[in-house]
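First, one chain by itself in structure tokens, the form predicted alone.
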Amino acid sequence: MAKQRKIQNGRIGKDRKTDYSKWRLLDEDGRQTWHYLRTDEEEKEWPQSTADKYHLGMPTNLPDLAPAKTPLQSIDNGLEFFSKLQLPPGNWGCEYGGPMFLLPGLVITWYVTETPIPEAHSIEIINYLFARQEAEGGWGLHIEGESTAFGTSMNYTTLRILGVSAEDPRMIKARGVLHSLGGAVCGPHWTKFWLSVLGVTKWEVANPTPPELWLLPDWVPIAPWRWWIHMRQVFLPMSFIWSKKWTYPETTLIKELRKELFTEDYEKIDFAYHRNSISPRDNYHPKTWVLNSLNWLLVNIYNPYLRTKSIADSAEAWTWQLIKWEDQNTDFANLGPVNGPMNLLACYIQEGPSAYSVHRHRERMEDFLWVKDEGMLMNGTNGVQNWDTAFLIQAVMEAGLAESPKWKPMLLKALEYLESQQTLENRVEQEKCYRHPTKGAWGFSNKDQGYAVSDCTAEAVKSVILLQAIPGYPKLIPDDRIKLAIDIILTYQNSSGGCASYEPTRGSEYMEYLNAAEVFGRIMVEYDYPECTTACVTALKIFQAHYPDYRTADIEAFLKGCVDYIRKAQRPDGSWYGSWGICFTYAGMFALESLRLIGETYENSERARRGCQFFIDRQMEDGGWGESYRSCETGVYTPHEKSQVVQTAWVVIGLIEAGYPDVAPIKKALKMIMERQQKNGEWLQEAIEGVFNKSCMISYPNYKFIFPMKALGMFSQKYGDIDLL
């Protein structure tokens, strides 16, 4: 505790840095946590690995390799490097950063629950936030976005909690940006929620999040069980905390923040007046008149006159039970890094600081933290372990290298990892807590987190089937478990024929009229996604080839619906909009693969030809493709100022899947990819690759290895291992 108070009282000097030779990444069956060693003896017992050094931005001292001239030589060099990053359980790790609103929720929760903050954590979080400060002085929604009231107010507050002086020139600059945006009262709902918890604002500034919604009968169209899983799992603890109107006791720091975050004196602010105040930069999805009217009724009629103590108590009791089930079903890892800290705070409020739930939550917060050359960030989930590992297996197989003695041990470890991460049971009180079945599925990160995802299950089972079919590989996952995975995939289809992510769509798109987040779009319910749909199609087609007699009619009906959806989702210009990667290049790759699997290619399909032409028309001078994240926000293809190896690989994969007849643009693209490969086999990080909810970008650093190698491998299998350089 003394250490925490020392940090919070400003004892951390400017530009301090930890000794990076003391950081270690521990991977326990897919649970990844960073540890800072304190003694020489600890360092001797736990040497720093190549993967540790790489992720920390330290020299790996891996040797230069013979220059690659052919695709397979380039893949071999890439694997020489990437295989060294494989972690002991068999998976690959990486940062999953990008959003700039995650660390503040955690640090504020640490502060108000009086959780000791390790000094090394504080130093490196400070370093990361300053490394990601925009040139104008603020912070955005994500690392490539412009400064916003949300990003600036929350990260400024985080730095002050961690001991940075308000008089630091960078903080003065940040305050200037925040004030130009209207101050913290012009932040979106999440800003107002967290600052009310901290006691910097009053609860009147936050629009209501009544837990009574959880008491609505399931048939009600707006009942929370119908919402998208991330939305409802954030709303759950948020509504519990809002109902309690819990606020941390006033401290000197809180008094200082009240003077720093606003454009007028704290005592003069009418916080209730600012419930709907928001900076134009933050207002990506403006609140609708429907939501504003509902909020007015809650604030002016329901809360003061109709909300009895018994109603509030019942609602809090039920939300608390749902919170407990979420914790139990994930061993306190929770769905993600937004509801995780909120659940920690809810447990602290309900059960007190010494409760096991609080202790275990504090431990689990480490699962989301990642250390890199810029400092410590918070990942968008507790990792991407299952997802990236499945894709790596497929990339190597596409190149025809799965039987190579050189790479078989790597693939065998990856297979062992996937075997260990399949979920073989459903959740506790699954129906009562509105969870989709999980038995047979794979999640995005690891089994601990335990949320089943359609495309994660599809990509994993696809990798397993293909690899286990190769002579010499053991059948670690038996037929009955493979069939369980197929069974769960078949539950994800919507009436449109498309597939959702965590569960089929439960509510109407009209629910977006109640989207209160302001900074995100398409957040209220599940949707159809070309990416998820294609993953399910490919998994089922591969399964059919090996198990032709299992649920044949169900699979055929499912596939027909999927392909019909893919066809309908294509835009008149030939493109598909992507929801999880940037953006049209990502979705187009998947969609063209789907069409190929049902026999539609460039040769015989007008749809495939239009999809290919959309890509060809946007090829850049150097042979590559580069797409800006602005495409996700606007829904219109927006070129990046520079071509990107990842997006170029996506397009090449799509063109090859479609059977595009002119090899020249494909060769030119792969030549660019090979030219950017470094002498040691790696590719360097370029622009951000992923997205969620249209407006927030997120990093997939392993993509720069996986997809270039997959594209090169597909080319070599189709056109031969010819010289491209």
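Counting begins at 1, following the sequence as shown. Only a predicted model underlies this, so the values are computations on that prediction, with no experimental measurement involved.
Not pictured, yet referred to below: the form predicted together with a small molecule.
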| item | value |
| --- | --- |
| Candidate from Phe130, Phe82, Phe193, Trp580 lying within 4.5 Å of the small molecule in the model of the complex - any heavy atom | Trp580 |
| Contact residue in the model of the complex, chosen from Cys532, Leu655, Leu103, Ile566 - any heavy atom within 4.5 Å of the small molecule | Cys532 |
| Contact label in the model of the complex: Gly138 to the small molecule, heavy atom within 4.5 Å | no |
| In the model of the complex, Ala402 touching the small molecule (heavy atom, 4.5 Å) | no |
| Any non-hydrogen atom of Tyr36 within 4.5 angstroms of the small molecule in the model of the complex | no |
| Heavy atom of Arg506 within 4.5 Å of the small molecule in the model of the complex | no |
| Residue stretch of 450 to 458, 642 to 650, 294 to 302, 482 to 490 approaching the small molecule in the model of the complex, non-hydrogen atom distance within 4.5 Å | 450 to 458 |
